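Take a look at this one chain, the form predicted on its own, written out in structure tokens.
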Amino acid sequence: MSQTRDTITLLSQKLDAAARSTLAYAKKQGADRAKVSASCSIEKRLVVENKEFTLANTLESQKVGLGVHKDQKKGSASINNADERGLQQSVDDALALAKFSVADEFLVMPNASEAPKAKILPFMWTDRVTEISLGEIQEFTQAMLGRLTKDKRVAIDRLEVSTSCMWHGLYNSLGMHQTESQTSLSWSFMGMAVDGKEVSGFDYEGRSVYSWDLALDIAVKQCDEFSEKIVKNLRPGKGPSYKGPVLLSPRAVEEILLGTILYHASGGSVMDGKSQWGDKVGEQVVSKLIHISDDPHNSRFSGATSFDGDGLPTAPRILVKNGVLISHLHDCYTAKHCKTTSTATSGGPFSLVCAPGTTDLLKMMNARNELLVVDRFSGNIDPIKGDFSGVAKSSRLYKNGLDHGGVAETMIAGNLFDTLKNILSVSTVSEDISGAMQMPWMLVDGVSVSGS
């Protein structure tokens, strides 16, 4: 048994006992309901800046957060240890805050029957990650750095690799009790290509996995793809100007389209009267080519979890099917306000998957004589009106299906409600975005493109 695992086990036992005693104290002090969130973690981290190792450390942390309800008023507090007297003082502080809060008839916590014990997701914890030393992290980092800078034109500004081993417990005074342990190996890097006086645009990538197995293969592949991409972005040409179709990469789909979908599907937006889809469940709200689900039990994604922020067991859920809104995303509070049931998505959605389509990517790149292919987006999006405008970054110009090179930062603009209904095609291939979600390529219409 590794020292890290031993430490996490001991800390989790200590926090578990502290959480239960804190709930008992809150009840004794007159709280109608109380909730405790406790966590502990051990993180090992290595940072490289400009090819030099600048940081190597191990961090151990604990945190306890609590919330109380008294006369339908809410108060909260937090502490960075499991000290009994400190936790009791936090309860007193939270109850004092509740006295000055505004009464809210919709405050709610699930009881034990509404939030039964969630099924453990075994892939989330691997002992091997607890045994990884800083020396092994350094070897992993050096292997990544070597692949990233294999082409001498690639300049990496920062590369970070870390391991995390953590435990999380969620409890309330109505009998809800959930716990989860997780290991992860994560990396991120950012940089650009430099060739003489020529400099490409700045870019970044990252990923998180649960297991050591195949992690280096995944990281090296990502490094190779990143290096190739930013080198290809050297010496950009002038972008085109037109109004019509643009091809969005999986990352651009996430950055431009997904936020608006989630905003209007959110239970909070529905509750506040800001969602245009508040009464649209069962109706078509976007193109029939869009199918989105949340899969919190998928081992490919870093957001996987067996329970949500209210303590309800999670489950795979369809959000949009063939363009039809299947469900809003509610937590217990918004569900009570909207007189419906929670979808166990408090703190979520967790692992979104937009299903691939039926069109070959090469065919999509031949959609018009001059086609802008957008890799990233930086700009403004108004989720209520749907208007967006900004810069298409790391983008390329295709002419008659052939790559004619990168383009200087080009402005794009449009209305997302129109765009989401004018999806011309969705690719048969899809990609993981930073290990957090999966998106395909999408050819969308009605976008104004303004080249430099």
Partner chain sequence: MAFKDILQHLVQRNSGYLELRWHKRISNSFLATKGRVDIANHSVTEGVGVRALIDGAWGFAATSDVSEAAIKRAIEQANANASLLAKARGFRHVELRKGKLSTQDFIGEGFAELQGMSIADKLGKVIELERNLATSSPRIHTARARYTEYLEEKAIVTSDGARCSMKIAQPEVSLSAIAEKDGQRATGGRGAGVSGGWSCLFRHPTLGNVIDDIAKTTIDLLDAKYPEGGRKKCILAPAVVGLLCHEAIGHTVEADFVKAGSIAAGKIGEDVASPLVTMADTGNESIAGYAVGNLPFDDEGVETENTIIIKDGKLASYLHNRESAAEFGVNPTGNARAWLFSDEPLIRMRNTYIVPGKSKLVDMISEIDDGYLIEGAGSGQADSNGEFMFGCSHVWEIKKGKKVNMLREATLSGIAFDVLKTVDAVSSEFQWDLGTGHCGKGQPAKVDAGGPYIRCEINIGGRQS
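Positions refer to the first chain, counted from 1. Here the structure is a predicted model, which is why all the values come from computation and not from measurement.
Keep in mind that the form predicted together with the partner chain is not shown, yet the notes after this line are about it.
J.: Could you check which residue among 109, 97, 365, 338 gets a heavy atom within 4.5 Å of the partner chain in the predicted bound form?
T.: Selected option: 97.
J.: Going by heavy atom distances of 4.5 angstroms or less, which of 104, 224, 84, 151 would be at the interface with the partner chain in the predicted bound form?
T.: Exactly one listed residue reaches within 4.5 Å, namely 104.
J.: Contact check in the predicted bound form: 55, 78 and 379 versus the partner chain, with a cutoff of 4.5 Å between any heavy atoms. Do all three pass?
T.: All three within 4.5 Å in the predicted bound form.
J.: In the predicted bound form, which of 319 to 327, 234 to 242, 280 to 288, 297 to 305 comes within 4.5 Å of the partner chain (heavy atoms)?
T.: This holds for exactly one stretch, 234 to 242.
J.: Does residue 404 reach the partner chain in the predicted bound form, with heavy atoms at most 4.5 Å apart?
T.: Because no heavy atom of residue 404 falls inside 4.5 Å of the partner chain in the predicted bound form, the answer is no.
J.: Applying a 4.5 Å heavy atom distance criterion, does residue 409 contact the partner chain in the predicted bound form?
T.: So residue 409 counts as contacting the partner chain.
J.: Might residue 202 be said to contact the partner chain in the predicted bound form, defining contact as any heavy atom within 4.5 Å?
T.: Residue 202: contacts the partner chain in the predicted bound form.
J.: Using heavy atoms and a 4.5 Å limit, would one call residue 138 a contact residue for the partner chain in the predicted bound form?
T.: Residue-level check for residue 138: yes, a contact with the partner chain.
J.: Taking only heavy atoms into account, state which residues of 380 to 398 are within 4.5 Å of the partner chain in the predicted bound form, ordered by sequence.
T.: Contacting residues: 380, 382, 384, 385, 387, 388, 389, 390, 391, 393.
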